[in-house]
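Two forms, one chain: they're shown below as structure tokens, one block per form, named structure 1 and structure 2.
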Structure 1
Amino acid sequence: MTNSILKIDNLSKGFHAVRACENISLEINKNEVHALIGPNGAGKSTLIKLITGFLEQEYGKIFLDNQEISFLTPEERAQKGIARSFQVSSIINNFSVVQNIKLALIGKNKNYLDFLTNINLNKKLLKEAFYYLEEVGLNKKANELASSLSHGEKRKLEICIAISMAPKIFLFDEPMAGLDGESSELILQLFKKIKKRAPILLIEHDMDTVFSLADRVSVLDYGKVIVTGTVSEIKKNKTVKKVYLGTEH
């Protein structure tokens, strides 16, 4: 048995002439933060959509915990333990912050066919929701409308939704984009903590963040993984320097 939680095998997807993902193979192991980096349009978000089932692959396979999930629907994959955040925040704006978390907990506990219990009076649910809100520091905003949150708070809420699903793996698509230093730092610490619960596949543009957080890094370019390795291996790699780091550093 390997200790890989998520295994991707030869995954491919194109849009017309664009090969967004081409024969991508990756393994995400227990307790690791696996960063996925690459220039704009490299296919990072497409890969996440393939893993979560929002897009269908042309060929290739996806395994979660050694079980093939390549043809399951997005909701089935979420039930099996894949939690994600979107590149553009995807929350329920008309709900309060705590309602957003309650919604996620209902999904996790699979009790969406409960027509009778008043969720506003359910103390256990509220307590659980607050446990996760405190983790991201949103407990003081619990009763505010999600639409009234700042950009950074919305990102935190989305991460909180993912955490509250208690998944087998986290997929985060640029969760720190547009955040100030303080918020980024908070999320960085949070990720260090939650990676012990489940590994994280992290798309991130900021190299300092990647290097301080990631255990391993994969570099994507034109839909292909050009290299996978530890942070120090990636720093030394010549192709990576040319394709990606070269333009930024």
Structure 2
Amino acid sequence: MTNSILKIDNLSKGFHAVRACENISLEINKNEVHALIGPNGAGKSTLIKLITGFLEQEYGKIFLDNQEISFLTPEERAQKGIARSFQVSSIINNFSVVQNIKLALIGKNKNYLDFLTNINLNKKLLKEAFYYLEEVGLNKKANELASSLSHGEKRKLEICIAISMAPKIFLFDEPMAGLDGESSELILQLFKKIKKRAPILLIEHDMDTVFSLADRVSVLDYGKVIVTGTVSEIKKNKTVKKVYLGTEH
């Protein structure tokens, strides 16, 4: 029985003469953080858009928990269990912190939309929202406007929204961007915790974060995966040193 949650099989996408992704095959396994690194223009963002359905592949297949999702819409893929968080914030600033989580929970569980129930008085919904807020340490900020949060706290809220969807896999694009050292460490520890809920596919330029967090790393260059391995294997790989880490020694 396969241990993979997300399987990508020979995925390819081009834009005119440029091959953004070329025959990419990857497997993201249970309980792991799988980092995706590579130079700018290597195809990382294109691959994420293909996985989430915002771009359509030319050929190749995508499987989530052994079910093919290659031609589902982004919304359908989210419902199947893909939770994504990008550099551009998806939180609603003029909603409170807890309202942002409630909205995500309503999207996941349409039963919360019972027209006979006042959403603001739904104790079950509130209890579930606070459960997730406590997990990321935002329960004391629950009634504050999201706009009032610090940059690091907004990252926590985005992660909390993703967790609340109870996904089969998390996709995070540059989650450490703009964070100070303390905030980055908090997010790093949070990722180590939530990978037990679902594996994480991580795009991150900060190599210290990648090497301290990832269980495995895949390196992209010119739209192709040139190597996949453990952190130790990636650090020792001469091709990776030359292409991405900036040294041949």
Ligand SMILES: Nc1ncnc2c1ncn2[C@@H]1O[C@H](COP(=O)(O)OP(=O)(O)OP(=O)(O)O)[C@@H](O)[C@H]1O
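C-alpha atoms forming the largest set that superposes within 1.5 Å between two forms make up the rigid core. Here, a residue number simply tells you its place in the sequence of structure 1, counted from 1. From a predicted model like this one, the values you see are computed outputs, not experimental measurements.
Note that the form predicted alone is the one shown as structure 2, not structure 1. After superposing the rigid core, the C-alpha of V18 moves by 2 Å or more between the two structures.
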